[in-house]
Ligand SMILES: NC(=O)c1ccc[n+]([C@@H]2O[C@H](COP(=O)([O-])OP(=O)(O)OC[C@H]3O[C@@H](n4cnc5c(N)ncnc54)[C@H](OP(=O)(O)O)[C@@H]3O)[C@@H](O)[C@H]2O)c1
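Read the single chain below, which is given as structure tokens and is the form predicted on its own.
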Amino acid sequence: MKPTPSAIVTGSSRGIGRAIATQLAANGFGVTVNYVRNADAAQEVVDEIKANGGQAIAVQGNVAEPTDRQRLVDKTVEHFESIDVLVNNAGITSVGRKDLLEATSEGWDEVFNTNLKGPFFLSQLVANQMLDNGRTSDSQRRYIINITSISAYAVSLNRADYCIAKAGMQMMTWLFADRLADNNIGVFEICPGVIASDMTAPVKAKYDALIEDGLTPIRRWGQSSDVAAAVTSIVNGAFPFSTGERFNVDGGFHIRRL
């Protein structure tokens, strides 16, 4: 009997991560719902997935911590036998949103450990598990997908650490894509734009006005479901001759206009 394909989605107790987790479950993946502090929120996602006929488990873990990364992998393999998809979604914003001339080493380390170092070494763990599992030789492609941000190339002077960490994820995507291509593992970057979430709620009025004034060619807020749709398209095999690609889910923000 063919085992259920499985996916780890980091930071999936809310927002974009939750939408990705529920969409993957609806597409037949067993999902590891990862959270750091809010166990109740993670369990709510698991319950929703199971109520809709899917499979899911909740696993606590901070991707910035080596032991937590290992537990996340071990619990997933223990429950689902293998890992077929890793979505590096967990991330934090710049601590204190300090001007770059006032940024601190401590804040920089916290952002980089969560937003870049953690995803890198979690990807390393998952890639090695995929190779050790021996299933990369069959026709079923595996995937690592990095959720970045338009902040990878759009300057925010009060979030230098966040911008640089997200920019680094593009190179991380290319590196893993090149290294793992021969092993039937595709690596992609999804770059969301202005997405409606609890993180953007405090600046809703600002972006309502900017979007109305034409910040993006598609004049609406992005939704978590827009990002989830891009993830599911990739893992469902829509791009068999692609790897290392960036998919912009940003309403056209990346288009330079005069």
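Since we're looking at a predicted model, the values are computed, not measured. Heads up: residue numbers just count along the shown sequence, starting at 1.
There is also a form predicted in complex with the ligand; it is not shown, and the following applies to it.
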Next on the checklist: Using a 4.5 angstroms cut-off on non-hydrogen atoms, would Arg37 count as touching the ligand in the model of the complex?
Outcome noted: yes
Item to check | 4.5 angstroms heavy atom contact with the ligand in the model of the complex for Tyr143 | outcome: no
Next on the checklist: Given that the ligand is not shown alongside this chain, does Ala90 nevertheless sit within 4.5 Å of it in the model of the complex, heavy atom to heavy atom?
Outcome noted: yes
Checklist entry - Asn62: heavy atom within 4.5 Å of the ligand in the model of the complex? => result yes
Next on the checklist: Quick check for you: of 172 to 180, 145 to 153, 73 to 81, 99 to 107, which stretch puts a non-hydrogen atom within 4.5 Å of the ligand in the model of the complex?
Outcome noted: 145 to 153
Checklist entry - Between the options Ala228, Ala58, Ile49, Ile195, which residue brings a heavy atom to within 4.5 Å of the ligand in the model of the complex? => result Ile195
Checklist entry - From first to last in sequence, which residues of 153 to 176 have any non-hydrogen atom within 4.5 angstroms of the ligand in the model of the complex? => result Tyr162, Lys166
